[in-house]
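Shown below, as structure tokens, is a lone chain in the form predicted on its own; questions about how it binds or moves come after it.
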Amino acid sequence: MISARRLVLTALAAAVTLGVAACGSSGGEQQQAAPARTLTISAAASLTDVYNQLKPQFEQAHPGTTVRFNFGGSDTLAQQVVQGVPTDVLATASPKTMQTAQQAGRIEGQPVTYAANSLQIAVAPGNPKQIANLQSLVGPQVTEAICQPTVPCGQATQAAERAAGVTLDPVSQDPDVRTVLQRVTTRNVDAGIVYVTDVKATNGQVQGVDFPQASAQGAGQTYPIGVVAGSQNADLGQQWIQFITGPQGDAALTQAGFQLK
């Protein structure tokens, strides 16, 4: 079910579109070319595919605008915002990492939570190690990679471990979920704990294994987004948020495997 907040944001996006249309030239007046602007968005690595998919649509709807992404671990991105690295929009993979920027007074207003994600175990196609659950990853017979505990996917993994009563011994703890995924796709490890959306993004390069603890408290993640305080492109940042939470954003997120909030 779509939340009331999402319906409001969709209505706002429509109002912005109508407003732009109403401000067009009339009576044969010549329109001036839109000034060139760059919108810089720092976003969690798990948003890479969806955001890149939506970038051309947003740029086409906003002539003169170039969208530039900075993808990475949410904790690193939040710290960059706190330290004043030039960014217009921050989109993290957990409320906790967003709060780092909020508590430093670096986010305008209240962030919007618009999507959710769940963990999966990524394995090679055919699941040659016959991995069935988290317990299957315990022991020397399987090598696995997970995210560092400071990033949302690492925190979610820890919550799942606690719920399963197991302690993993990964060969690698990586700074973001896409690095974990790459270790599986390149067969450097037998398994990696990533998000459902990451598995889907490989188009069959890896196979996803569901496990019960993926729904345990703390194992699921929600995605907040907000405009960075002091941004010179705050209006454009708000338009990106309206776009990502509007019909086109909803469709792309759903297709990628996210759940809408």
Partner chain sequence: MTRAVTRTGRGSRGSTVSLALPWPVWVPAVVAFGLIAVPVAGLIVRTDWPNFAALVTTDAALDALWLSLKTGLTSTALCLVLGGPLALVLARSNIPGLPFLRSVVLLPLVLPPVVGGLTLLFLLGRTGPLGQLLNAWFGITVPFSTEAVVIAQTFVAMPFLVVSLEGALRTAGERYEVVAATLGASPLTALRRVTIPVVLPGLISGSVLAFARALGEFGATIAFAGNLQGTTQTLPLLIYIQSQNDLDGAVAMSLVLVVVAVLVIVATRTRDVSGVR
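Numbering follows the first chain given and starts at 1. Worth saying up front: this structure is predicted, and the values here are computed from it rather than measured.
Form predicted together with the partner chain: not shown, discussed below.
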Distance check, T113 to the partner chain in the predicted bound form, heavy atom within 4.5 Å:
no
Taking any heavy atom pair closer than or equal to 4.5 Å as contact, tell me whether D75 reaches the partner chain in the predicted bound form.
yes
At 4.5 Å between heavy atoms, is D190 in contact with the partner chain in the predicted bound form?
yes
Flag P95 as yes or no: does it have a non-hydrogen atom within 4.5 angstroms of any non-hydrogen atom of the partner chain in the predicted bound form?
no
Which among 85-93, 102-110, 140-148, 158-166 is in contact with the partner chain in the predicted bound form, heavy atoms within 4.5 angstroms?
140-148
Checking a candidate spot here: are G246, Q248 and K261 all in contact with the partner chain in the predicted bound form (at least one heavy atom each within 4.5 Å)?
no
So which of N133, S118, S172, N127 reaches within 4.5 angstroms of the partner chain in the predicted bound form, heavy atom to heavy atom?
S172
